[in-house]
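Quick heads-up: it's one chain on its own, the form predicted on its own, in structure tokens.
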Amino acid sequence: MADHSILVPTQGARRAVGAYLAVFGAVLLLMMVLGLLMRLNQGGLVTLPPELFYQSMTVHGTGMVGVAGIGGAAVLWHFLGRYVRLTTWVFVFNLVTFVIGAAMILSADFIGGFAAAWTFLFPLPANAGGQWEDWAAAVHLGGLLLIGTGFLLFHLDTARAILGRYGSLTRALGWPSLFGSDPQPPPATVVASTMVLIVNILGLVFGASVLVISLINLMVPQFAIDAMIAKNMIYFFGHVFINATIYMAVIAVYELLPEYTGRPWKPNRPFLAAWTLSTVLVMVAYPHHLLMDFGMPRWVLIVGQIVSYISGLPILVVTAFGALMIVFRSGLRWDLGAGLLFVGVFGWAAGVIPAIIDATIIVNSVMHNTLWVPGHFHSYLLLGQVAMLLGFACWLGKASGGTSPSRLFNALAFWLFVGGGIGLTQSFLYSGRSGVPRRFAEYLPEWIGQARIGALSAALVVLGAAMLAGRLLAGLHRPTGAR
């Protein structure tokens, strides 16, 4: 039987988590402002040169994926550190590589003009048509590679620590309890962290491989890879990584809702089965990003469509049901942190529904290049993953004895963020249903009204997030982790 006793984090570990959250808050606000400017431009309220719009789109997409990863890593590391002995310098190194890599990407995109979106599809970086120099592409791809290296070391360290305490990944996933008679499964945090390290290590290796190939291609054009293989590698990495950010953030729900309600979150067999099943499904579902690629084998697209219907449901169902059961008649006294955590579960669930619709081939062929897609991923990232991270940050600031703003301030920040987020995601989904294309810098007159509604909603989100980020920074002025 494994030992599940609680470990006490060091002072250095607590400060490192605070540094992560400070970077998370700053980069999140910057990315949100870029998103707002793009919606204002599409609504005809400001004018951005087309090249600046697509540079901003590239930075926004890349930056939001990265900042979601940094925030999720902070949650995972903080709570996993209760059960295994992690290496603080690796955690700090990951943050340093992120900051340096982000600076490289900002310079490559806004100074060098790189604007190939977060997907950097081969061979586009080396075939810019005069829009950017090779050095800009190299710096952007190099920044991504540096960030990926930091995350890879981060997950390798979590693997080392988990194996050191539990002996094997199958034991850490709870298989002795799932398939045997062990009455004491690992904590939910350990199960989730094990799933994340398995999928993310594989995803990061594929992503790093295609980045290295693309960098060599910039210097030696004869060194090339089949474009469809490269696209599969990129979307495998991207799909796995962005989903893993949600699976890292949801650890805050598993750890904190029990603290708020006084009811334990006990991993049972359905919970363990859901996480094991999703370990495989999240890696198999990525072809739903390639349903419009006629060069893909038909059977791969069919498998991707079928798996996409269920890939996110096992974990979501056990999490949403568990959250409802823990909160129901618990006498929970709601505060800002608890509210954001609960909204995070709602946003995640709400975003999955339009994602499943888009994963149907006949729908995807019409809707994928519309704003329907930003609608679904803003639902489960903005209202889901980011809400969970902000809830964790609010709890951490409160637990550390930080300053506590008034109830009015908290309520205003909460409803600005949530109300603006709902308005933004619904404006995307409605525009997508109406056939408004994604990635267009300029809109036809009949699309402008919808863009302005989205811009207004985005402004509310930015204001609410700025208030929450200010609260985050104020709450972290003392050493974190005091309980």
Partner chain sequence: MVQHIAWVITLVAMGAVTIGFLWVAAGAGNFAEYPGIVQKAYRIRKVLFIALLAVSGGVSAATLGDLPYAATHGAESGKFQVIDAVGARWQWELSADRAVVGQPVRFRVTATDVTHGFGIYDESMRLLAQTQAMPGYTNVLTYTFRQAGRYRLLCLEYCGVAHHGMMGEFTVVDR
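Numbering follows the first chain given and starts at 1. Small disclaimer: the values here were computed from a predicted structure and weren't measured.
The same protein has a further form, the form predicted together with its partner chain, not shown here; the description that follows concerns it.
Participant: Although the partner isn't part of this model, could you tell me whether residue 116 comes within 4.5 Å of its partner chain in the predicted bound form, counting any heavy atom of the residue?
Facilitator: It does: once its partner chain is placed as it appears in the predicted bound form, residue 116 has a heavy atom within 4.5 Å of it.
Participant: Just to confirm, residue 243 within 4.5 Å of its partner chain in the predicted bound form by heavy atoms?
Facilitator: Taking the distances in the predicted bound form, the answer for residue 243 is no, it never comes within 4.5 Å of its partner chain.
Participant: Evaluate residue 173 for contact with its partner chain in the predicted bound form, applying a 4.5 angstroms cut-off between non-hydrogen atoms, and reply yes or no.
Facilitator: Looking in the predicted bound form, residue contacts with its partner chain do not include residue 173, since no heavy atom lies within 4.5 Å.
Participant: Residue 183: heavy atom within 4.5 Å of its partner chain in the predicted bound form?
Facilitator: Residue 183 lies outside the contact set for its partner chain.
Participant: Answer with one of 145, 199, 327, 161: the residue that has a non-hydrogen atom within 4.5 Å of its partner chain in the predicted bound form.
Facilitator: Answer to the contact question: 327.
Participant: I need to confirm a contact call. Of 238, 314, 374, 112, which residue comes within 4.5 Å of its partner chain in the predicted bound form, counting heavy atoms only?
Facilitator: Checked against the cut-off, the match is 314.
Participant: Using a 4.5 Å heavy atom cut-off, are 40, 105 and 395 all in contact with its partner chain in the predicted bound form?
Facilitator: Result no, not one residue of the spot touches its partner chain.
Participant: If contact means any heavy atom within 4.5 Å, which of 62-70, 22-30, 431-439, 448-456 contacts its partner chain in the predicted bound form?
Facilitator: The contacting stretch is 431-439.
Participant: Only counting heavy atoms and a 4.5 Å limit, does any residue of 119-146 reach its partner chain in the predicted bound form, and if so which ones?
Facilitator: Heavy-atom contacts within 4.5 Å come from 121, 122, 123, 124, 127, 128, 129, 131.
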